[in-house]
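A single chain comes next, written as C-alpha cells; it is the form predicted on its own.
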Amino acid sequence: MQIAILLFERVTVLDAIGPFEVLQHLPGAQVVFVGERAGTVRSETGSLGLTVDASLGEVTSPDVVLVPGGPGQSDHMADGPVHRWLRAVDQTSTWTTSVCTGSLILAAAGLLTGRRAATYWLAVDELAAFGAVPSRERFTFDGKYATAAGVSSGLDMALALAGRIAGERRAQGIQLGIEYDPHPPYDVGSPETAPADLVEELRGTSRFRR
C-alpha cells in the first residue's frame, strides 16, 4: 500500500508528519514524500527542511494521497503540475485526503466539488468558492475523500482513516503506540472555546482575514 504525502515550500510540518506517524504503521505501508522535484523543501518558517523522495512523475498510482497545508498552499491554487498530478492519481486512489489548507488545493483542483470538506478554521469560508461544502468538523469523510481541519487534527483524521483501512483494533494499537492522549493545558483549541479577543487577534494577522 503506497501512501503519497505531497510536500512543497512553506509547508506546515505537522500537517504532513502527524499523519505520517500514524499511517506508516499500517500493514504493508510504503510512505513516499512526493513533490514537484526531489530534494529539500523548507517549512513555513524556513527553519526545518523536509526531503522530497520522488517527483510527481515518479508516483503514478498511490493508494492513499495526502495533501498538507501551510502558507505555501497559496502557490498551488492555480492549475499546474500539482493539480494535474492530483487529478491523475485521484482516478485510481483508494483514499484522497488533506490536512488544514491542503483541502483548498484539492478543491481548486476540482476534486471536492459538491463534497463536504474541512479545513483550517480561518480558511473555511474559502472552500465554497471552489465548489466544496464547508464542514466545521474536526475531520470529515465524504466518499473516499477525508479532510481534516487545522494542523493537529491531521492526527485524528489519520487514526480514523487507519481504522477504515485496517480495522479499529489496529488503529487503536497505533494510537496507544504513539501515546496519543491529548490533555492540552488550555481550552482554546478552537474558535468556539477561545476568548473572543484572541480569536480576533489571530484573525487580524491571518492571510485569510476579510
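Numbers follow the displayed sequence, beginning with 1. This one's a predicted model, so the numbers in the text were calculated from it and none came from an experiment.
The protein also exists as the form predicted together with another copy of the chain; that form is not presented, and the subsequent description refers to it.
Contact test in the model of the complex: G150 vs another copy of the chain, heavy atoms, 4.5 Å: Yes.
F33 within 4.5 Å of another copy of the chain in the model of the complex, heavy atoms: F33: contacts another copy of the chain in the model of the complex.
Partner contact for E9 in the model of the complex: another copy of the chain, 4.5 angstroms, heavy atom: Output for E9 is no: heavy atoms all beyond 4.5 Å of another copy of the chain.
Distance check, R87 to another copy of the chain in the model of the complex, heavy atom within 4.5 Å: The answer is no: R87 has no heavy atom within 4.5 Å of another copy of the chain.
Sequence-ordered residues of 166-180 touching another copy of the chain in the model of the complex, heavy atom within 4.5 Å: In sequence order, E168, R169, A171, Q172, G173, Q175, L176, G177, I178, E179, Y180 come within 4.5 Å of the partner.
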